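Heads up, the chain below is alone and in the form predicted alone; it's given as structure tokens.
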Amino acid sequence: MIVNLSYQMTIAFSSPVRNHQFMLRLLPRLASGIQVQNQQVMITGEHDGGRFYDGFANRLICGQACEAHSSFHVSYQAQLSRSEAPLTEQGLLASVYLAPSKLTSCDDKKLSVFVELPSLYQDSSALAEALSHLVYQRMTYSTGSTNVEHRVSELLDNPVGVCQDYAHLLIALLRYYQIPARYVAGIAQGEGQSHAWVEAWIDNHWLGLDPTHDCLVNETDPYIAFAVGRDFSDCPLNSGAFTGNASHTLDIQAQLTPLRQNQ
């Protein structure tokens, strides 16, 4: 699969800030079988792009914008290809993706009540797909209803949220059934902004699941991963600190366009 990726991120500050130090996870994740044909990165301030990695093998762009500024802009354009073989990169031990994490830990009894699934499935893949479909059915999508610190324990009482919440709830359910699962942040065709989905470690490969859209994520599907982690808190696409008393708003415009193989 070959795709064109266009990603624009702008942070608008209510008043000028200085000494803005940033860390971005906005480069395609090479460990997820993605190859970069060509790319162009433009970022406010000085940066060192893609030479650093975090503990989950996500590429980092680290830098700073020292001068006073009221907006911070990132532009990324690339042509990418993706392996059509199943993703077998295990990275961290699977046990890391079984343990409770900051945003997915919750009471097992509440999870068991939420599930109410038949006890027998043909295999772990069938169970994982059933759990993903359950999240799709039980959750209600509502923009602005939650924030990045929203926890699964809150979702069980009020299953309303966005793609991040759908992913966290599915991760908690998979781990409840002893299936290692990790959070994936990236881009999917048609989203217009960043997206989140899940990968489950089953039969020595990562099975992609998108509970927001009730579908599997296969190697030929137009999804590009930027970062993975135990949950969102391990892999925010944008983080940093600055000097100044200012609030900020974030705007993301993204487009993923599959290309024909002969283009």
Partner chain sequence: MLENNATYHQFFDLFQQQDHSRLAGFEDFMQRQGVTFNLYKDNQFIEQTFPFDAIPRIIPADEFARLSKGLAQRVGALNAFLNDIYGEQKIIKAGIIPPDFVFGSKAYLPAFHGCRSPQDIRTHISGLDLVKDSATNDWLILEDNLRVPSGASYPLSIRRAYRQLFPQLFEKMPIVVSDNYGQLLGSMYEHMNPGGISVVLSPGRFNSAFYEHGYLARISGARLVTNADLFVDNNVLYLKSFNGKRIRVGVVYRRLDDDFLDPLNFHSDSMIGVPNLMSAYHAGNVALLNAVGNGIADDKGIYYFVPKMIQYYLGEEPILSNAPTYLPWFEQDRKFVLENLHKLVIKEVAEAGGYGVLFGSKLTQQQLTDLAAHIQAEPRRFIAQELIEFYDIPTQVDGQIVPRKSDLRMYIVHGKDINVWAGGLTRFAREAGNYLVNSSQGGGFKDTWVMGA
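All figures in this text were calculated on a predicted structure; none of them were measured in a lab. Numbering follows the first chain given and starts at 1.
Below: the form predicted together with its partner chain, not depicted.
In the model of the complex, residue 56 approaches its partner chain with a heavy atom inside 4.5 Å. Taking the partner from elsewhere, residue 91 is found to have a heavy atom lying within 4.5 Å of its partner chain in the model of the complex. Using a 4.5 angstroms limit between non-hydrogen atoms, residue 239 touches its partner chain in the model of the complex. Remark: residue 208 does not count among the residues lining its partner chain in the model of the complex, judged by a heavy atom distance of 4.5 Å or less. None of 48-56, 200-208, 218-226, 31-39 except one has non-hydrogen atoms within 4.5 angstroms of its partner chain in the model of the complex; the exception is 48-56. In summary, among the residues 115, 126, 160, 99, the only one with a non-hydrogen atom within 4.5 Å of its partner chain in the model of the complex is 99. Residue 23 is the only one of 11, 254, 23, 17 with a heavy atom lying within 4.5 Å of its partner chain in the model of the complex. In the model of the complex, not one residue of 140-169 has a heavy atom within 4.5 Å of its partner chain.
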